[in-house]
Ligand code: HEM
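Shown below, as structure tokens, is a lone chain in the form predicted alone; questions about how it binds or moves come after it.
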């Protein structure tokens, strides 16, 4: 008997004993406490698929105006203009409509050759040695450069922007995020925005400067400089971390299911559905938070206005009433909508880009490494309550393994 099976159901997003494998706890929550209250941190949580959709789809009851991360919801921080992920309609609708004009599938798809070229450049030097790290060599590098391609920021300045975004969401192990000095803005983008006002180019930053949109008051206008700066910061932060973690989970999950990896290697048309199954099976974001704007009820239990609510999307992705044999990884399962990118009008704006990046990354990895094992003894899980994934995930091919054994 362990922490996941002993005593009443208990989930703590900061407790590392749940971090490596939260799914046994999630299963107990779905079965025994589908509306759960954590007294220590004073938040509520729903764990069943349909309840998660209810929370994420009803902004009048479950508001995004304080953010989608538990610590932000509870802190009730002032939100600067442009943080569209921390707004409800009609403000969110106005921003989202404007951003969909510039964040188009066509623009995302046009990046594929550059993404593929970067993956090849990163992986080719590692082929002979047969040892590589899914995160250090690819996950931390490729998504960051894709954001640079989108926004028109050169490679030499991307690391500082990435570090700024990552540090904002890092937490000490076992503790909530410290928001005492949190800033939503990556100031490093400011100089580039000023440059783009005078020197427009074919990039997302220029389009953000020029796009006209109707704001929540009905006024047709352009984004202010501060709004653009904040939007660029959000795109960079979200675009880096989510895809980074997804690439790590792709490496680990397929290492543990070599027969399915072989199927994908032999038939690359399976890659898109494999990525969807990985998003269901090991989503980078385990939960989404909301502010409870008015009294509500689940299963006869009252949740009061003013409370913080967590929608455990990773649990919903393992809900047996929605996904048959939900704890089994199966790239050939019947496709049903998962919650890996959220749900409803707040679903991840960059999901198309994340899918392209992860699809290309897997294809290029398989081109060079048809088989691999993960060195979990030397891998490290990231210490953050916001995203669940790998900080390092070293791997090696059978030939490299044999060489190690004979060394």
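As the structure is a computational prediction, the values presented were derived from the model and not from experiment. Numbering follows the first chain given and starts at 1.
One more form of this protein exists, namely the form predicted together with the named molecule; it is left out here, but the text below deals with it.
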query: One residue of 347, 33, 65, 381 in contact with the named molecule, assessed in the predicted complex (non-hydrogen atom, 4.5 angstroms); finding: 347
query: The named molecule: the contacting residue among 94, 228, 158, 238 in the predicted complex [heavy atom, 4.5 Å]; finding: 238
query: Answer range among 254 to 262, 219 to 227, 134 to 142, 84 to 92 for contact with the named molecule, defined in the predicted complex as heavy atoms within 4.5 Å; finding: 84 to 92
query: Residue 250, heavy atom within 4.5 angstroms of the named molecule in the predicted complex; finding: no
query: Contact of residue 284 with the named molecule in the predicted complex (heavy atom, 4.5 Å); finding: yes
query: 4.5 angstroms heavy atom contact with the named molecule in the predicted complex for residue 59; finding: no
query: 4.5 Å heavy atom contact, residue 44 to the named molecule in the predicted complex; finding: no
query: Sequence-ordered list of residues in 99 to 124 near the named molecule in the predicted complex, where near means a heavy atom within 4.5 Å; finding: 103
